[in-house]
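Okay, here we've got a single chain as structure tokens, the form predicted alone, with questions on binding and movement later.
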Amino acid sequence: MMTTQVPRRPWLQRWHVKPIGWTLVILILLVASSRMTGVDVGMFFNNLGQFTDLLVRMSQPAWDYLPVILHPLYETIQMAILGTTIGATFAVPFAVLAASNLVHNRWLRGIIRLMLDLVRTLPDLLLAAIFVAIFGIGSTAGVVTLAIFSFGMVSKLFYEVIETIDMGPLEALESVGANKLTIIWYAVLPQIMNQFVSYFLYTLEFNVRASTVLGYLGAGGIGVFLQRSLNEFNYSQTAVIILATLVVVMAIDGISNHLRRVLL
């Protein structure tokens, strides 16, 4: 009988040199980064008791505070929906112009992508501070901030999806003399509508959470009440605000998952 010999593995695989080496490199980079930035890891463990005390204070939510935050929470949802819708609507034509398989002019495509990169570079907190100074304290500044943020985020995701579509339907319409708008409407949008809805809902979910932070700068919504409860060390009210926001985010996530199953 012939005996099969198991091939011997190289010593690099036998002693797992590469995984161990990369792990050591990552650990060295983490330690070096913490020293360069002045991060005190020990302080985290020393103050762990304060974190536990904060959780204990938030473990008894003040449910009688819930009727007070219903209207600001509703305003936050309105801000997120309005800002996301405006940003996503403007993102559609810019994403089409930025797609390399639809626009062959490198200069035009490069200018559009550069503008989109500049929009994504600006942090949402900086945008909120600017628009609060322009429009004053209120939800208007929050809506404009979320619209610009959504525009930059959705446009990039959208034109990346456009570049992966099947070019067969586009070539078929071009062969019969269809114009660009007809090609985009009948050959491009039907292929990417499912992904667009998914990205829209994801951005909406993100904007609901972001709008609570924008309230710190006076951009309206429930963030104003969150800042007030934290400044007053009223953590029972803070717990109610966090739980209410969590319910909204979970509801949006559930709707998003249902629409993905229906559309896909």
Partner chain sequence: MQTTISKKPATLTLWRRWNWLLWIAIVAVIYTWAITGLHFTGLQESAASVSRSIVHGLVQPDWPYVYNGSGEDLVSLILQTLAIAFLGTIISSLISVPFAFWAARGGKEWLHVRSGSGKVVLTLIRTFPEIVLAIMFIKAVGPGSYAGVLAVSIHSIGMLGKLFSEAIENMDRGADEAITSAGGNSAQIFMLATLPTIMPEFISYTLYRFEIAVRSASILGMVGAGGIGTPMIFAIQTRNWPRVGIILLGIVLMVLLIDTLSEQLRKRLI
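Everything numeric in this text was worked out from a predicted model, so none of it was measured. Numbering follows the first chain given and starts at 1. By rigid core we mean the largest C-alpha set that fits within 1.5 Å across both forms.
Here the subject shifts to the form predicted together with the partner chain, a form of this protein not shown in this document.
Proximity of residue 62 to the partner chain in the model of the complex falls outside the 4.5 Å heavy atom cutoff. The partner chain is not drawn, but in the model of the complex it has a heavy atom within 4.5 Å of residue 74. Although the partner is absent here, residue 177 sits far enough away that none of its heavy atoms falls within 4.5 Å of the partner chain in the model of the complex.
Not displayed here, the partner chain is approached by residue 140 to within 4.5 Å at the level of heavy atoms in the model of the complex.
The contact with the partner chain in the model of the complex, taken as any heavy atom within 4.5 Å, belongs to 122 out of 108, 167, 189, 122.
Checking 81, 172, 103, 193 against the partner chain in the model of the complex, a heavy atom within 4.5 Å turns up for just one residue: 81. Looking at the partner chain in the model of the complex, residues 66, 90 and 159 place no heavy atom within 4.5 Å of it. If you take 201-224 and check each residue for a heavy atom within 4.5 Å of the partner chain in the model of the complex, you get 209, 213, 216, 217, in sequence order.
The Cα shift for residue 197 between this form and the one not shown, taken after rigid core superposition, is smaller than 2 angstroms. In a rigid-core overlay of the protein, residue 209 has its C-alpha displaced by under 2 Å between this form and the one not shown.
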